[in-house]
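The chain that follows stands alone, in the form predicted alone, written as structure tokens.
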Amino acid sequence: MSAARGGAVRTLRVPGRHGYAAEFSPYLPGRLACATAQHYGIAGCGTLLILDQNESGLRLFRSFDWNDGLFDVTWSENNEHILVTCSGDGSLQLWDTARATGPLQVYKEHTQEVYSVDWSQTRCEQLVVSGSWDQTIKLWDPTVGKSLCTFRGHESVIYSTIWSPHIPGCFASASGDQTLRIWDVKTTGVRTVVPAHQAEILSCDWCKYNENLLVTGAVDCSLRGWDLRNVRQPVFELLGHTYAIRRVKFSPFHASVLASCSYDFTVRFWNFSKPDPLLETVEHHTEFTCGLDLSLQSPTQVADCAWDETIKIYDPLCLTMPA
């Protein structure tokens, strides 16, 4: 089941760099950022890669090195050149793709690895949220050198922190404590705690078309949908992955379509509204697949990256055909 059926796969191999996160630019069609680490993130340095697409494939536009592994990346929502990454040394880095060197700024407050970073999507605020293995979440204004506040409550490693695309000042987090939590910046407290899995939760995401709907992906190989108006039971469960689900993303174009990538080396596409929800399984990596994103510019384009030192952009067949 190859992605090539839906069109050519553009691949860039980056020797000695293992991919952790891939994010399309919200501004420039075809531009992609990838956070990578040496030695599978266990030791060594990290590199932020900025890629552009052309007719012949993927081209490296710029790369920035950091002295520890980079685990996540997020684009600014108000400046096409600015990104934030997070790393194993507990810091966040602010980069400018218009400059050959960097970072512009470093924010060092977390005491352990920072695994997640996300830039708010609502236009009335420019805030960044970070989640760490130190069991805290921190809120940042990139123009201020220190965090605005710290959110405590998780009882284990935090793997994922994602802003709501609908509700200003609201974000979700997923943790090794087996809970999904919803937070409100205005009250600096937790709004909702969902015991979502009986396993570590490595990823979560918000539906782009329903402000009450989220999805979680966990070490138990399952994806579960949650309606915040009633969290006693999941509204859907998607089974098929054979190892831990590392990242899950809702489609920006289809209300009931989502994608997930896993330590089983696959990327899977789902439509949770269908009786047979698994749309397609893409098997083009030979190691843990960690980074995944769906383009905001093209309804069919997907990017992923893995520990096999490759970054791929492709159009899966299930997104190129009518629903």
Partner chain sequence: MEASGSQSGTGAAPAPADSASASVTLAQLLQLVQQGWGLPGLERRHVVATLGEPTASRLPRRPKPWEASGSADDPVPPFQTRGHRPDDPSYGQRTLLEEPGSGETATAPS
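Numbering follows the first chain given and starts at 1. Small disclaimer: the values here were computed from a predicted structure and weren't measured.
Absent from the display: the form predicted in complex with its partner chain. The rest refers to it.
Proximity to its partner chain in the model of the complex, taken as a non-hydrogen atom within 4.5 angstroms, holds for one residue of R232, R99, K146, R191, which is R99. Residue D227 is the only one of E109, D141, D184, D227 with a heavy atom lying within 4.5 Å of its partner chain in the model of the complex. Proximity of I167 to its partner chain in the model of the complex falls outside the 4.5 Å heavy atom cutoff. A residue is said to contact a partner when one of its heavy atoms sits within 4.5 Å of a partner heavy atom; I82 meets this definition for its partner chain in the model of the complex. Taking the partner from elsewhere, S63 is found to have a heavy atom lying within 4.5 Å of its partner chain in the model of the complex.
Using a 4.5 angstroms threshold between heavy atoms, G57 stays clear of its partner chain in the model of the complex. Within 4.5 angstroms of its partner chain in the model of the complex, the stretch 190-226 places a non-hydrogen atom from each of K208, Y209, N210, L213, V219, D220, C221, taken in sequence order.
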